[in-house]
Ligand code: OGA
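The form predicted alone is given below as one chain in structure tokens.
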Amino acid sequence: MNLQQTWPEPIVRVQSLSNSGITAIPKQYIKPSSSRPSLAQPARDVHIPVVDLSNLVSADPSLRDETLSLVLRACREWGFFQVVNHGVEHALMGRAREIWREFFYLPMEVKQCYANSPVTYEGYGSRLGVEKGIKLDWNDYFFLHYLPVSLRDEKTWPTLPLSCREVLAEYSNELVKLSEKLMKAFSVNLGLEENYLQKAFGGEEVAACMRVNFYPKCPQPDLTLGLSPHSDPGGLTILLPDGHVSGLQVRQGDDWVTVKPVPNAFVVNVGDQLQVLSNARYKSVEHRVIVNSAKERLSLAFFYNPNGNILIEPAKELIKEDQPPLYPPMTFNDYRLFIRTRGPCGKSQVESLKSPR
């Protein structure tokens, strides 16, 4: 995967901009008028589905099937849902949030030790995309690899706060277990063997990474976005949202629906690679993040992805004469080069890959 070695323009930390007391945001953060958020409350009160996963491993087939049905419906109607009774300790979720909030409160010279580059994106960053002059999003982040182990470099993980590496390892291990559980449900709901998708992702060589997002207060939230509209390029995303501040919005038709986090829940969404493997039976969904002038926001996005070197294509078991493959084979490494070059761009990439009918 060929990526340039340095960012095309000097990196500005959004948190520093916010803390400086500016009353107007720099022009590189101002979105075109058609892309700006409407901060008015939507006319209808809509919520993404909430699924209780406690019966996913029930010995009672009817309870298990009912849960699988709820997952399937959420995937097909929304592509997004919240999960409760997921098996991850609530105290661990809280510790993970807290250590990362503490990290972003560290002095800038400490955080700068982890500054990233476009080569791997791993570390402390403030932009996606290496094209010069692109509009930027109002966020800082920390990105790291967890799987496969060959890509994991714990030396790049923060040493402060003191418990950061320990909590990060424990949290990531629990999220891998939850991802495996969800992948089995997704496979069964496609009529496939329960380990089909896991094997297609690389089995024990599956990839996983995390992006911790920090959205500082913004003096002009109506002019910019914390994260531009996009679908996730990978397989499955498990988000630990801010427990107090909403900001994630999911596209449903022509509307943007604000996700209202349920206490101790994760937000799960389908990525582009599951759309490809399912031959569009599952669809990844555009989402974005809005910011506000009164409160900062923090979220942890855990991405469960195919191994970067494995060809991903529609499952042969789902191909029929009247349902030909919609997408050509492509490795995830080649696929994600698009977003790493251009930044978030709606669903333009996965839709552009569709074979002409």
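In this text, all values refer to a predicted model and were calculated from it rather than measured experimentally. When you see a residue number, it is the position in the sequence shown, counting from 1.
The same protein also has a form predicted in complex with the ligand, omitted here; what follows describes it.
Does the ligand get within 4.5 angstroms of any non-hydrogen atom of residue 56 in the predicted bound form?
-> Judged by the heavy-atom cut-off of 4.5 Å, residue 56 is well away from the ligand in the predicted bound form.
Tell me, yes or no, whether residue 215 is in contact with the ligand in the predicted bound form, where a contact means a heavy atom of each within 4.5 Å.
-> Output for residue 215 is yes: heavy atoms within 4.5 Å of the ligand.
Residue 301 within 4.5 Å of the ligand in the predicted bound form, heavy atoms | Residue 301: yes, in contact with the ligand in the predicted bound form.
Quick one: is residue 184 in contact with the ligand in the predicted bound form, heavy atoms, 4.5 Å cut-off?
-> It does not: once the ligand is placed as it appears in the predicted bound form, residue 184 has no heavy atom within 4.5 Å of it.
Hey, of 231-239, 158-166, 190-198, 85-93, which bit sits against the ligand in the predicted bound form at 4.5 Å between non-hydrogen atoms?
-> It is the stretch 231-239.
Of the options 111, 127, 211, 97, which one has a non-hydrogen atom that comes within 4.5 Å of the ligand in the predicted bound form?
-> Partner contact (heavy atom, 4.5 Å) among the options: 211.
Just give me the single entry in 51, 312, 289, 48 that has a non-hydrogen atom within 4.5 angstroms of the ligand in the predicted bound form.
-> Contact with the ligand in the predicted bound form is made by 289 alone.
Output flag, 227, 248 and 297 jointly within 4.5 Å of the ligand in the predicted bound form, heavy atom basis | Checked in the predicted bound form: all three residues contact the ligand.
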